[in-house]
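One chain is shown next in structure tokens, namely the form predicted alone.
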Amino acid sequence: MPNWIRACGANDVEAEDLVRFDHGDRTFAVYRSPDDEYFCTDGLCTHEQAHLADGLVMDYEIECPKHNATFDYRTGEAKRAPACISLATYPVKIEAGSVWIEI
């Protein structure tokens, strides 16, 4: 059974940026692409658990602030070392001006 959680307002995420969303003991990152699409991944780098919300978004990638690993936030794929484990991704929907993620 789907468990949709409101993460933030759609306008809270600027284009080519992200916001951090904490739910329970988990951290997520919600991204807004240059094409105005929304995506969600785990919010911690798979290399050393740094918060990705402190990183830099470039096109469709997030760069970890700690060791410069990069991930494609659309797929979670680890693109540059030292990260070699991909991020988990989550379905996103926009309803009534809010971003919802399925966890």
Partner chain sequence: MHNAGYRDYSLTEPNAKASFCNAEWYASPVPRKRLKELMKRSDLQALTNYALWLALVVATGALLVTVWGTAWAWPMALIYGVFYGSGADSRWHETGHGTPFKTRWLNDAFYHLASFMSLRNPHLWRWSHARHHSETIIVGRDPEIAFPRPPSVRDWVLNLLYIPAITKELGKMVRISIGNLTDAEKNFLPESEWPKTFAASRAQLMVLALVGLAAIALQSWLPLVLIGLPTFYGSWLHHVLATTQHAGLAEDVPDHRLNSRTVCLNPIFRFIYSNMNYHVEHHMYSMVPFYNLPALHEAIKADCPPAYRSLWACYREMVPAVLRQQSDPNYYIRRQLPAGAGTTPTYERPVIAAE
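Numbering follows the first chain given and starts at 1. On a predicted model such as this, the values are computed, not experimentally measured, just so you know.
The same protein has a further form, the form predicted together with its partner chain, not shown here; the description that follows concerns it.
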Exercise for review: May I ask you to state whether residue 43 is within 4.5 Å of its partner chain in the model of the complex, using heavy atom distances?
Suggested key: no
Exercise for review: Please run the contact check for residue 12 against its partner chain in the model of the complex: heavy atoms, 4.5 angstroms, yes or no?
Suggested key: no
Practice item. Find out whether any non-hydrogen atom of residue 67 is located within 4.5 angstroms of its partner chain in the model of the complex, and reply yes or no. Key: yes
Practice item. With heavy atoms only and a cut-off of 4.5 Å, decide whether residue 37 touches its partner chain in the model of the complex. Key: no
Exercise for review: May I ask whether 8, 20 and 102 each come within 4.5 Å of its partner chain in the model of the complex, counting any non-hydrogen atom?
Suggested key: no
Practice item. Can you tell me which bits of 50-78 touch its partner chain in the model of the complex, meaning any heavy atom within 4.5 Å? Key: 53, 54, 55, 56, 58, 59, 61, 63, 64, 65, 66, 67, 68, 70
